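Just one chain follows, in the form predicted on its own, and it is written as structure tokens.
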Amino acid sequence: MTPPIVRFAPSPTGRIHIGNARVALFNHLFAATHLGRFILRFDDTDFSRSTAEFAQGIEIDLAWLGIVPHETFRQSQRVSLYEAAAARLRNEGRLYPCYETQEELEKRRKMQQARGLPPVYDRSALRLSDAERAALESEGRRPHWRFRLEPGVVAWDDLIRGPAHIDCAALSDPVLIRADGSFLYTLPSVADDIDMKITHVIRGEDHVTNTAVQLQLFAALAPDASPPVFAHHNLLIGASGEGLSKRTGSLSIASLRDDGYEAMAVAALATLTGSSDNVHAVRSLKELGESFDLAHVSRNPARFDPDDLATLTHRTLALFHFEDVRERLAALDIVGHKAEPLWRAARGNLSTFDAIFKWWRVVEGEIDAIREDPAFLKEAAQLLPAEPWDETTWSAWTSDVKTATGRKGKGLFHPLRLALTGEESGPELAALLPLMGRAKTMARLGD
């Protein structure tokens, strides 16, 4: 395969949610797997709602997931390209002015539905004479512009859905330019895909109908070029079957990050949910890419349950090597020769990354020791071996305590854990004890 060029084109009108991230991840992983390029392209031609702050937030969210684009574009800075495309379509008679108001269009749709007809635009604007158009404009009306679709069926081979087709007779001629002169999504998208030589368009199945329109636009604007290959994946829905929305902040990447979920857990669940590949923990996007295949994506909606993220985050943290988290540990001031052995000891017991600090305090700081049986703890302290200690020290020491006191099982280990860590459960004490050292251990036992 020729290295693909793909794009992720969010509107910076809010922060991206897990469904948007799914689209970005599919594109990024497809490009990375085939040694291609990933373009971030902000669809920011809706000037009233798009903001630089939202665009920056989206870049932050993608970077947190490990997605760094090869190039970034803003459609607001490429308007001359779209104006040239619109001029070409006008010259070829494919873009025509319409003067109906929204109220008039809605009334016409209701009349068509009442007569049992599909609510498709009737192209009445094409029948206006020059004098009629001039009269409407003298009333203060400004036209919006529609793309005249060619009749017939548009077909393509979808990488996920297989052979697909849309009968354009069932579609209204789409509006490409608003009455205020601003562009809707469709024309800039196709003009950019042509200009950027996009080879594959991977997106949600809610865009299937748009594909027929875009293929006709592509043929009109670049008749000698091959159009992109399309792949329409299933959509993520919430745990209760609800749709996801940027406007409500539903399952936003920012909120999942703030809740302490791991980026690789979010990426794995977003990517593998709704496919024939089992959802599993991964250390990196490279590793996730080894499990990613568009052919394995189901046609059914993919249910995303954030409760699954807790389990997957725990499993993800348990996979991380020290080098994977060295900088994050340093940001918590967990440094020095104890940092790596502590991570190895505690990583399997963490629900969130920041929970590691509790165990750093256990081995390096001060805790509130819980001494349920002072007499037993004093006897155990008297049996502590001399240093140096290693991971065999715990077993040897508790064996001596067992022999001396006759205790075993929970009666032996639980009081020692409470006194040494202040916690009911946690990492193996065989690993923690050498990090605490003899002086700290003696102090916590109460001697």
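One rule holds for the numbers: they count along the sequence shown, beginning at 1. Note that the structure is a prediction, hence the values are computed from the model and not measured.
The discussion below concerns the form predicted in complex with glutamic acid, not included here.
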| property | result |
| --- | --- |
| Within 4.5 Å of glutamic acid in the model of the complex, all of 10, 185 and 203 (non-hydrogen atom) | yes |
| Heavy atom within 4.5 Å of glutamic acid in the model of the complex - residue from 199, 189, 273, 252 | 189 |
| Answer option from 123, 178, 361, 207, heavy atom within 4.5 Å of glutamic acid in the model of the complex | 207 |
| In the model of the complex, residue 61 touching glutamic acid (heavy atom, 4.5 Å) | no |
| Within 22-47, the residues that have a heavy atom no more than 4.5 Å from glutamic acid in the model of the complex | 43 |
